[in-house]
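Take a look at this one chain, the form predicted alone, written out in structure tokens.
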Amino acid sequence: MNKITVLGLGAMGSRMATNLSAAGHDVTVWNRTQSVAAALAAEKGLSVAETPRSAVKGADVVVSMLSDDDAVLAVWHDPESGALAAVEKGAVIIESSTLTPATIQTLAGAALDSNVRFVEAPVVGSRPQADAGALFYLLSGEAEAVDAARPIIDVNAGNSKYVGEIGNAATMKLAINGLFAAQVAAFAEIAGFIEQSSLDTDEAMETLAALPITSPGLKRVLGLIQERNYSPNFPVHLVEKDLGYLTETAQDLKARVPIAEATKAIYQQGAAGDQRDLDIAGIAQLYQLSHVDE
């Protein structure tokens, strides 16, 4: 049994904490919205901390799953409540938030200065994979730190891939999210095109879903578009955030990403409108008849 702290209880963090507790670990949680932490703790028998700093005291492992660069930097470095100042020397930080490589490198450097082991560990997957402990982890960091973190990571991992030095996992995660977002946007646009044609929409969508060009993830998205079921797993506003990080990182790398830039503009439109809190599949509303006609 390890003493583990989980910082951030969104769709992923709450499930990670639940699985870690079910695996027999002593889990303390913190969330910016305290009522969320209190409700999960009452249901799952977890401990609740009032601040990130108090949450990590005495922890062997700290798992961070937060929304963006700003949230992560505040949670770790706030002068009054920041967690890094209280992490035990030799403890392991598992940073699973989707961040820019620059921010991850900043965090890793600060952890090293504090004699804390740091593992970069963003995840690929959604709520069903998180529930099942079957997320795909992208791992970066020193081999000793990664090895120390693996028993904790494996509780929530169906698979993992070590991708080298700190920053590489963030780069790979942004590449994956950018590719998926572009594919979803293209399929959403084509779904709207089909809907406005004389084709039988359901039959046409079933044909698309059965083709070799359609991955299992995209097949799921097509089903959600057909059903107009946009309950959030990966909300549009977070997709737009990740695309912003991708294009920002591309500028740093002097890489050309015109398709990612065009895709970002589509999700910016959704994030600024009614689609903001819908699932990524909800970007299809921009093209569906019931919305186009409004």
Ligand SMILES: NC(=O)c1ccc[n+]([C@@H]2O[C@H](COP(=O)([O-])OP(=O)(O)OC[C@H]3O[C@@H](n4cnc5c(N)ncnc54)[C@H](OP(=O)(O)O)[C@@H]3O)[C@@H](O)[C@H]2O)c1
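Since we're looking at a predicted model, the values are computed, not measured. Quick note: we count residues from 1 along the sequence shown, nothing fancier.
Not pictured, yet referred to below: the form predicted in complex with this ligand.
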query	finding
Partner-facing stretch of 200-208, 213-221, 187-195, 69-77, counted where any non-hydrogen atom is within 4.5 angstroms of this ligand in the predicted bound form	69-77
Exercise: residue 11 in contact with this ligand in the predicted bound form, heavy atom 4.5 Å	yes
Contact of residue 81 with this ligand in the predicted bound form (heavy atom, 4.5 Å)	no
Any non-hydrogen atom of residue 267 within 4.5 angstroms of this ligand in the predicted bound form	no
Proximity of residue 123 to this ligand in the predicted bound form, heavy atoms at 4.5 Å	yes
Non-hydrogen atom within 4.5 Å of this ligand in the predicted bound form for each of 233, 238 and 241	yes
Contact assignment for this ligand in the predicted bound form, among 65, 27, 225, 56, heavy atom within 4.5 Å	65
